[in-house]
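Just the one chain here, laid out as structure tokens, in the form predicted alone.
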């Protein structure tokens, strides 16, 4: 980019970030480096590169990346693009991003970094993505967890607390949490925000004081349901703690995936704008249906009592959940009747998906904290809202006549 990021709007950053130097390479499209290994100019130079990468530092231009598990130029370009979108405008060059093979690999690496620091206790606010919830509850990585209400985070902090984990908007009920307030309560304890539902277009957790902004890049960042990855944006200092763990554990993103995800970033702002508009129409229609117990969407009247939409988030997003009074049987009948909407896990793609959290994404969550059996989660796509609504009407009719 020929101008500095503080002079550019997010839509412009999304198109141009991570593409520096392409003109010098004589190419316009993003290059894909598929090499698993790299030639060494000398034994000494190879050793110097190894030491630098082992320290967790970013690789400078001109130094051999040695081996793909340690560094890849295509992945690095994707990381630069995410970092540019997550960087607060008054903190240029202070944010780095680290890409991983999946969102869960990203979460695992952050947790391992806290265990390595001798701070294995985690304070977490439910609801969270079911995989994250299950990982924390299992203690598999040597962590212990205290589940806390967002207003009671401070009371749950211990001397050995290494991390506070929240997800906002939360999965699947779209609860919004005041990130600044959670950061205030956490004090010196770092805060991780899973911002997958919001994306960097609608929310920048680091600008609100969080230490880590985590995304399942599989979702909106990729946007087409054909690439799996995760990414964490954080300070340069924290990034140096994460890279060696990624290298040692092999939780690396492959270059083809990085290329697809980077390509997805270019259209992320326009996709989010269109999908959010569609979600608003669908949510308002759902809210008018007397057959439903409840509709979950931050953009509905009364759903955001503290005004976080507009203050913390640039918009309410494109995820909508709703609850049927008939529990699992009603949810089963509803999903079976759909013809346009795909019944599948994941989210954030160009087509509308529906899934039953209690049976799928949140199945491993403790029963007391699991979403209700009548709750279904919609990821609204780019179809015409009238067609999405017509399909949802099929579902409601099937429930009524079952």
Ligand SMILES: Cc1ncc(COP(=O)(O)O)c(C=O)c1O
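Everything numeric here is computed off the predicted structure, so don't read it as measured data. Residue numbers count along the first chain shown, from 1.
A second form of this protein, the form predicted in complex with this ligand, is not displayed here; the remarks below concern that form.
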property	result
Option from 74-82, 262-270, 297-305, 97-105 whose residues, in the predicted complex, bring a heavy atom within 4.5 Å of this ligand	97-105
In the predicted complex, residue 219 touching this ligand (heavy atom, 4.5 Å)	yes
Partner proximity in the predicted complex: residue 129 to this ligand, non-hydrogen atom cutoff 4.5 Å	yes
Contact flag, residue 257 vs this ligand in the predicted complex, heavy atom cut 4.5 Å	no
This ligand contact in the predicted complex: residue 86, any heavy atom under 4.5 Å	no
This ligand in the predicted complex reached by all of 317, 351 and 383, non-hydrogen atom within 4.5 Å	no
Partner-contacting position among 321, 203, 161, 196 - heavy atom within 4.5 Å of this ligand in the predicted complex	196
Contact residue in the predicted complex, chosen from 109, 171, 275, 312 - any heavy atom within 4.5 Å of this ligand	171
